[in-house]
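A single chain comes next, written as structure tokens; it is the form predicted alone.
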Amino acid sequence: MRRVGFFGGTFDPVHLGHLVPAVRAYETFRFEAMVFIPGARPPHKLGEPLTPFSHRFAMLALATQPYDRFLVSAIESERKGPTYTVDTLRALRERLSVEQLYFLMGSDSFSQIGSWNRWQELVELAHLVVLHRDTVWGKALEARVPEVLLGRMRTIEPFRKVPDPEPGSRWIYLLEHEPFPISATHLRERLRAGLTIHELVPPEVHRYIVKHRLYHQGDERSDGI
């Protein structure tokens, strides 16, 4: 495939703040496919409770089902120990024969990229598509990323055609879409407090959460679900 977008995260749970920007990116960059990659054992969340991978994968599969070219990969569940984005992307590039690889990430994650494992390799492997999160953007974002990356950053408006990059170049595209002021952490807190999240997640995901009693107050997310 020529141009493919990859979107990694814990997706615990997947919500509209993930999906709507992903659709914006898919339509703006005209990807042949968009591959969601739920993390199995993210290094930055070791020791934190995570909903079992099978549930997070299932919720992503339900959320992406309406989109013909949205796929979900279980590749990170195949490896033992911490999983690193750069290794996952290299493996998927080979499996899918991808010519132009684009990695989607929220601006909150991009602001911390200097702490990522082998981030220098990551920015040479893939173009980055940074999604607008309301927590950090603009000058505040620029101040937090390694200075060497500033010259690669380009602001892109949704739905404007993005030309093929020059051979050998690796760009960082800041997608200027309307941010969604929600997070998975916030949704889990709402559920534990007995509040609804039905307007913040796809209906299929909401039904799945209710059916399996995920995130409910007093439940342990890491065991027995």
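In this text, all values refer to a predicted model and were calculated from it rather than measured experimentally. Note that residue numbering begins at 1 and tracks the sequence as displayed.
If you look for the form predicted together with a small molecule, you will not find it shown, but the lines that follow are about it.
Pick from Phe180, Phe53, Tyr67, Trp171: which has a non-hydrogen atom within 4.5 Å of the small molecule in the model of the complex?
Only one listed residue qualifies here, and that residue is Phe180.
Heavy atoms within 4.5 Å of the small molecule in the model of the complex: which stretch among 68-76, 81-89, 145-153, 128-136?
Of the stretches listed, the one contacting the partner is 128-136.
Any chance His15 has a heavy atom within 4.5 Å of the small molecule in the model of the complex?
Taking the distances in the model of the complex, the answer for His15 is yes, it comes within 4.5 Å of the small molecule.
Consider Gly9 of the chain shown here, and say whether it contacts the small molecule in the model of the complex, taking contact as heavy atoms within 4.5 Å.
It does: once the small molecule is placed as it appears in the model of the complex, Gly9 has a heavy atom within 4.5 Å of it.
Indicate whether the small molecule has at least one heavy atom within 4.5 Å of a heavy atom of Pro202 in the model of the complex.
Flag for Pro202 set to no.
May I ask you to check whether Ile197 falls inside a 4.5 Å heavy atom distance of the small molecule in the model of the complex?
No, Ile197 is distant from the partner.
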